[in-house]
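The chain below stands alone and is given as structure tokens, in the form predicted alone.
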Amino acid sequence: MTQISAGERDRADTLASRRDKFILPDGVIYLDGNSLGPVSHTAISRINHAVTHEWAAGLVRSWNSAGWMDLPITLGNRLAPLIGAPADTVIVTDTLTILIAKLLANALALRPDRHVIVTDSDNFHSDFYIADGVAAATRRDITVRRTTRAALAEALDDDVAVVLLTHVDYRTGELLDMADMSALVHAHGALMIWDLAHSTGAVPLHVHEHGADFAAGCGYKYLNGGPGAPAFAYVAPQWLDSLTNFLPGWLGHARPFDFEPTFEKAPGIRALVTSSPSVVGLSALAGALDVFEGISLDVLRRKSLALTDFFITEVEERLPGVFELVTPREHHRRASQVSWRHDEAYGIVQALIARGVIGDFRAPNIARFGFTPLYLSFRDVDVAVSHLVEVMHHREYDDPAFRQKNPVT
């Protein structure tokens, strides 16, 4: 067993008080914040204010008086420090997949004589779909080339326009080296897009310093902005003037209320806006970001690594040889989740959920657990492992009820 107890670790935890900012059900240990973060008191307060004061009392006037029209920009500037971006290079709007489509189209436009999009063969399937869709929608002969991460260098040539990679592997939790991979891509004259879905709010990010040309991420995982929360996009300063929107809408126009019949893009990052912002969704995210105020991401990262180290050690000591660890052990390659391979992974996750330990399953055989340092304690980890031991010893995953696949796994 580990020498330092969970209680001792919790007493030394400088982030312990942040747990009180969230609403977590009694008897639940939540290890799925990498899929959907829990609600915070500040998010609820901000939603209530937007609905009962701005919408109910202000009505249409709130587009001006409450600053609704500027929410994509103001929230983008609040979010920018979490990803290491300069001011006025981040916008919050749309969904992650839509924003990746917009960024891919921009990258292709910046490399008009090149014809290849490169992506990781283990990437999230939605990124495959949207890359194929953008390639098909262009007026050029664009090919999507899938490669392994290890073979990325071999996949790069003078015809590659853009590379799209996800910073953290959604199945394994592997953390990619943004700086080195961006430099490799740039050495071949291509542009680099990073999908930050599983890293924003969990690991320190430096998109500007580490060479991202474009990046996008969602608001509902580690940022806790609520189901379907608006996403964000980053555009490197050198590309802002040439920014285009292949889905132009009236609020991306330079003068939207002049109602002009031809499109003239708005300056800077605002050009990525297409239509009216989702005010309630943006308000929820605004409240969720309050929880990060005053927190060093380096402190967050240290606790994340300590939690995941503790979980890995406890599982391997108390259930030796039962699971195959697919998450990297090395700190520089591990994000904020731990994934185990087991033939009965789906049933195991369902049995744990029935016990109040919520993780999730990823096909074909991955039990995945997310660790959010803002609200998880070391005692949570210790109790979760105890439940896992019971599930395995009593083969609770054999219950037919836990073999019935849910629509969302």
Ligand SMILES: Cc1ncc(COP(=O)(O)O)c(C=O)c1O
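Remember, it's a predicted structure, so these values are computed and weren't measured experimentally. Quick note: we count residues from 1 along the sequence shown, nothing fancier.
Here the subject shifts to the form predicted together with the ligand, a form of this protein not shown in this document.
In short, of 172-180, 78-86, 270-278, 93-101 it is 93-101 that has heavy atoms within 4.5 Å of the ligand in the predicted complex. Of the residues 107, 233, 223, 197, just one reaches the ligand in the predicted complex with a heavy atom at 4.5 Å or closer; this is 197.
Listed residues 327, 166, 283, 336 were compared with the ligand in the predicted complex; 166 is the one with a heavy atom within 4.5 Å. Among residues of the shown chain, residue 292 is not one whose heavy atoms approach the ligand to within 4.5 Å in the predicted complex. For the chain shown alone, residue 124 is a contact residue for the ligand in the predicted complex, at least one non-hydrogen atom being within 4.5 angstroms.
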